[in-house]
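Only one chain comes next, encoded as C-alpha cells, the form predicted alone.
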Amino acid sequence: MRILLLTHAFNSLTQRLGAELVRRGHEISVEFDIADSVTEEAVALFRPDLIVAPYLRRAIPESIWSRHVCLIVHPGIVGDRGPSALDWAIQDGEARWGVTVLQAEAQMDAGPVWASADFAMRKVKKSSTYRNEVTQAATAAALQAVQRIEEGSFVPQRPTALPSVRGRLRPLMRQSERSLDWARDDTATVLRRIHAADGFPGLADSLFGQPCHLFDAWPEATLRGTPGAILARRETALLRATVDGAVWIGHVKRAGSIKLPTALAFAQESQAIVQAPLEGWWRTALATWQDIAYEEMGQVGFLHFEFYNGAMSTVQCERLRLALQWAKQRPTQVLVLMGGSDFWSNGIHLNVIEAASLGQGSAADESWNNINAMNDLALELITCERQMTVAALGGNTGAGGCFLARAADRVWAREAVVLNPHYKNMGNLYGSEYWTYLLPRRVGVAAAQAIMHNRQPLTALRALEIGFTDACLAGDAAAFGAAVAQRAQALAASPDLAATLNAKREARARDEATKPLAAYREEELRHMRRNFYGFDPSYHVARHHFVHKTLASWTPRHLARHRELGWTIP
C-alpha cells in the first residue's frame, strides 16, 4: 500500500515504523504535522491508501479523516484517552500499560480499535519507556493494524464495545499535578514524578532558588541529608536529599535557557557544592549515579557509558577515552562497549556546544574540541591490539556514534534498535570519527555514498544485511545483555582467538601503510573546519533549531517523497 506517515517529528518510533513498513513492501512518505493546509496538500500529492500517525500533538483535521482511513498510535491502553497517557501511567505506578491503534474520528482517542499491545512497566524514565516498550508495542500493533486493513476482513470495534476495558479519559497533566514537596516526599515519589515528566515537559521545580525543570533522575543508596538540600556534586549531576534518601538530578532546563547537565546549567552555584567522586571505573553494587562503569566476567570486560540521550560532550569523550585506556590494560581477551540503556551514542553534544554560544565562549570552538575528542576516542578503539573489541548496541545509535561503534572489531545490535549512520541532517555536516576509513571497507564505496546521501534510518536487521553490523540479536534489553555476554565469552574462549587477533593486527598494519589514519582524520577535519568556521552557517542554524526545539516549518525532502520533483496533484 501507499502509506503516508503523518507525524509531529521524525522520532524513534516514526523511524522504526517507517523502516518496518518499507521492509514489508509498502511505499512510504512522511509529512510533518505543521498545519491543516499543509497536511491536505500532502494527502493530495501522495494520494495514500492509508494514513498512519505514529506521533501527533494535535488532532487530524476532519477534511482528512472523513475521506481517508487514518490510524492513530496512542501510547495508552484500550479506552485510555488524553494527551498525557504515559505520564499518568508512570506517576500512578501502573504495573502494565499498552499501546492502542485506533481510527481517527471527531472525538480524540475514541475511534474504532484496529489493534493493541500491552507490556509490563519498568520503573524508569518516560523517555526510556517510550523508546523501548512503547516503540516495540506500537510497531507490533501498527503493523498488525496495517495487515488487517490489507486483508479487509477485520471489523474494528469501539473501546466501549470491547470487554474488560479499564482505560478512561484523563486530561493533560498539569505541573500542579506533578509538583514535589522535598520536605515530605520520599525517594520513590520523587523519582516517579520526575520520570513521568522526563523528555517532555520536565518537572517544574527550583534549584538554588532559581526556577527550572528537572530531568534525568537517579536514586542514591548511601548519601543522606536535610530534605531538599543539595548534598553533593559528581561530574555533571547534583544530589538532592529526600525524606528517606536522595536522588541525583542529571539535567535541568533553566527558565529561558536550554536543557543542560545540571552542574553546567548551574555552573557558578555548583562550585560551592562538595564533590562525591567514585573511586575508579568499577561498577558500584549500590544504587547511585555512575555515567561510566566497568565490570568483568572471566576473560570479558564490559564498559558501560550512560550518557543522557546519547550525547557525548568534550569532557565525557575525554573521560571515556581514559576509561577505555584503562580497560585495555585489564587481563581480558574481549572488551565489550555496552553504551547506555537507551542510546549507545549519538555523537557530539549539541546542547553543550550551543551553551558555549550563549556565554562568552564560541560554539565553533566547542564543536571543534568535541569532534576532536570523539576522534581521539575512536582512535583509541581502532588501535586496540590486545583484545577483540565489540560494540553492543542495545539502544539507538546515530551520527558519529554509529562510526564510533564501527571502530570496534565487531558490532552486535539488538533487533529493536534504529541506526542513523549519517550527518547531513545537521546542517550538511560532513562528519568525522574516521568514517571515511571505517564505512567503505565494510559496505563498499557505493553503499557508503548512498548511506550518507539518502539519510535514512536503518533497522538492526537491515544494517546486518548491508554489512554495517555483524549480528542482530532478538529480545528485550535484558535478553540482549545476556546474549552479548554469552557471545563475548564464547569469543574469548575460541581456540582461534590468537590467530584472529594476529590477523587483526596485520590488517591494521597494512591499512596504515596504505593510508595512515592521520590522513583520513585530516581530510575529514578539513571539511568539518568549514562546517564550524566557514562562511556557510547551516550547521550552526540547524543546531540552534534542534537544541531550542523549534517547531518544523517544512518536511525535509528526503522524507517527504511526495514533494520530490515530478509529483503533481491529480
Ligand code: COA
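It should be emphasised that the depicted structure is a prediction, and the values quoted were computed from it without experimental measurement. The numbering used is simple: start at 1 and walk along the sequence shown.
Note that the form predicted in complex with coenzyme A (COA) isn't included here; everything after this is about it.
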Please run the contact check for P219 against coenzyme A (COA) in the model of the complex: heavy atoms, 4.5 angstroms, yes or no? no
Would you check, heavy atoms only and a 4.5 Å threshold, whether T100 touches coenzyme A (COA) in the model of the complex? no
Coenzyme A (COA) contact at G400 in the model of the complex, heavy atom, 4.5 Å: yes
Is P83 a contact residue for coenzyme A (COA) in the model of the complex, using a 4.5 Å heavy atom cut-off? no
Note: exactly one of G347, G301, G250, G394 sits with a heavy atom within 4.5 Å of coenzyme A (COA) in the model of the complex, namely G347
Taking coenzyme A (COA) in the model of the complex as the reference, which of Q136, S270, N369, N420 has a non-hydrogen atom within 4.5 Å? N420
Counting only non-hydrogen atoms, which stretch in 381-389, 234-242, 274-282, 425-433 is within 4.5 Å of coenzyme A (COA) in the model of the complex? 425-433
Using a 4.5 Å heavy atom cut-off, are Y294, W412 and R487 all in contact with coenzyme A (COA) in the model of the complex? no
Sequence-ordered list of residues in 544-562 near coenzyme A (COA) in the model of the complex, where near means a heavy atom within 4.5 Å: F546, K549
